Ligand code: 5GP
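In structure tokens, the next block holds one chain alone, the form predicted alone.
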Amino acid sequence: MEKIYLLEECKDAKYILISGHVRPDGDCTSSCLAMYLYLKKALPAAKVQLCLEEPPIVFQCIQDFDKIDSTYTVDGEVDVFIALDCEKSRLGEAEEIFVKAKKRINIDHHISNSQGCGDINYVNPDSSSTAELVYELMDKQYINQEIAKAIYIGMIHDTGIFQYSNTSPNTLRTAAELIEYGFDFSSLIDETFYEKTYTQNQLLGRALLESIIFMHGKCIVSAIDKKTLEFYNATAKDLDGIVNQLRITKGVECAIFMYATGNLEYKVSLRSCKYVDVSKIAAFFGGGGHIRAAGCTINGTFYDVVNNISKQIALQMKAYEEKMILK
């Protein structure tokens, strides 16, 4: 992967637009805000705009969270469009703007987007997060405490606070450099990762209580239907973290969490512990993600979805077991 010189690519731009994927998570939100803060400081003469679906409110601790434009209103021709943490089909309302932009830069770490979708691409599936890649491309003289904090938040959310297998020595070295900027990193972990609203805890409790273990205890699944979401006056953002809690059930290799998004339609989140590549399973159903964390949308009843996903999990488990026998 050839490094790009971000400021050089943007130096003549009068209008720069930044965006990320629909239903932005911690890495997407933080990467976009870090990039926004960085370019505003490094290129003060340029107009820099951040368009993104409304992120979870826990990330309001990042400076200029209130500057996020969720209307996708563009004022003129975009000179440079920077797409973060996704390929163009996941940009939602921003995809049309991306296509029309004079120059398109794509920065991502999803294996399902390994070639990139821009005129200029900086994609590394081995990186812990897009936030880590954004940091690599920054001229350090322009980084301040707020930018460092945003990068750190993105990294902790995509690594599960440095416990997932995508955490590398470089990830930890980067984290060490970031906390030298002096922000309260321990409070950030509590506020953005662990802290839940009462509604979120209620939904988590329901999901755990109604979960089902199968495949001889190696898989666990749970679902939330539309009536339950309506009862709690909740949205998809209130379901963050449920699949991760399912994943740490003792003996489980693969966790599945889904919630209804329409009639016989489910948004599915997949997590694995050691050997199941959930990005391949998600890709099979038209989704994508990482080896240990991925997602997709599947049509059918709850049982249809579980049965279809189970077949793909079983294929990988069988291959793994055969490999272990040969060893």
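All residue numbers refer to positions in the sequence shown, first residue = 1. What you see is a predicted model, and the numbers here were worked out from it, not measured in a lab.
The next section is about a form of this same protein that is not shown, the form predicted together with the ligand.
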{"property": "Heavy atom within 4.5 Å of the ligand in the model of the complex - residue from Val58, Cys51, Cys296, Cys273", "result": "Cys296"}
{"property": "Partner contact for Gly287 in the model of the complex: the ligand, 4.5 angstroms, heavy atom", "result": "yes"}
{"property": "Partner contact for Asp79 in the model of the complex: the ligand, 4.5 angstroms, heavy atom", "result": "no"}
{"property": "Arg90 within 4.5 Å of the ligand in the model of the complex, heavy atoms", "result": "yes"}
{"property": "In the model of the complex, Ser112 touching the ligand (heavy atom, 4.5 Å)", "result": "yes"}
{"property": "Stretch from 82-90, 190-198, 211-219, 140-148 whose residues place a heavy atom within 4.5 Å of the ligand in the model of the complex", "result": "82-90"}
